[in-house]
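There is one chain below, alone, in structure tokens, taken in the form predicted on its own.
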């Protein structure tokens, strides 16, 4: 019986199979890159707000502490969005006729809250507690980035699960003394910039972080990477 298919068909079949594998792998890579991109995560995206509030002006320029506006950040799971009265503590005396701040004055007169747009938004199925992280020595800018340099607030990180787990698997690399949590210009210890805690001098982050893990009672990696830590 004569050969039905030409010998080159074998080569074509192999090329097709390998080609299909490469195409599937490329599509998978593209899907992962899109999933991590600002198009999906909104990282770096400045969302519209009722008033163009500048953290750079208020934090760096005026030296206002984070806790003045975000009053519940140390004791609650939610950092808190400041009520209009907090704004008017100052703006009833300065910039009183600025057109830019008319929405703030209108809110104060009517008693209706300004509808701020959440910038750092987690899915409903994710439980996050600000107070736990603050009291364990995680600085504001570790997660939120250089807020004191943002004229308009944006989300610094992806806030995806892999990003959270990266820290939970090695918490020591991000911890700092509690009295430095709200210091936006804090620098991790080096030989030329040591950090002193309880009379002990630290010149590298891992030594400091390991000591703070014990001092602040950070749970074991197995506990803080279990599913029910964040998904309850």
Partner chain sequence: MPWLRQISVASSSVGCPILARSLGKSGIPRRSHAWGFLATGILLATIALSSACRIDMHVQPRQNPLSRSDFFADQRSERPPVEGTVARGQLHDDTYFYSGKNGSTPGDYMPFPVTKEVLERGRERYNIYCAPCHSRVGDGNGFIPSRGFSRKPPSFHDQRLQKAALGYFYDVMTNGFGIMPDYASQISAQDRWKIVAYIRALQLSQNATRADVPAGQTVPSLAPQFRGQPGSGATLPVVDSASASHSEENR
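Every value quoted in this text rests on a predicted model; they were computed, and no experiment measured them. Numbering follows the first chain given and starts at 1. Rigid core: the largest C-alpha set superposing within 1.5 Å between the two forms.
The same protein also exists as the form predicted together with the partner chain; that form is not shown, yet it is the one meant from here on.
Per the 4.5 Å heavy atom criterion, the partner chain in the predicted complex is contacted by stretch 175 to 183, the sole one of 175 to 183, 26 to 34, 44 to 52, 203 to 211. Exactly one listed residue, out of 90, 152, 98, 106, brings a non-hydrogen atom to within 4.5 Å of the partner chain in the predicted complex: 90. Among heavy atoms of residue 132, none comes within 4.5 Å of the partner chain in the predicted complex.
The partner chain is not drawn, but in the predicted complex it has a heavy atom within 4.5 Å of residue 81. At a distance threshold of 4.5 angstroms between non-hydrogen atoms, residue 86 is in contact with the partner chain in the predicted complex. Contact check for residue 38: no non-hydrogen atom falls within 4.5 Å of the partner chain in the predicted complex.
Taking the partner chain as it sits in the predicted complex, the stretch 61 to 98 comes within 4.5 angstroms of it through a non-hydrogen atom at 61, 62, 63, 64, 65, 67, 68, 71, 74, 78, 81, 85, 86, 89, 90, 93, 94. Fitting the two forms on the rigid core leaves the C-alpha of residue 216 displaced by under 2 angstroms between the shown form and the other one.
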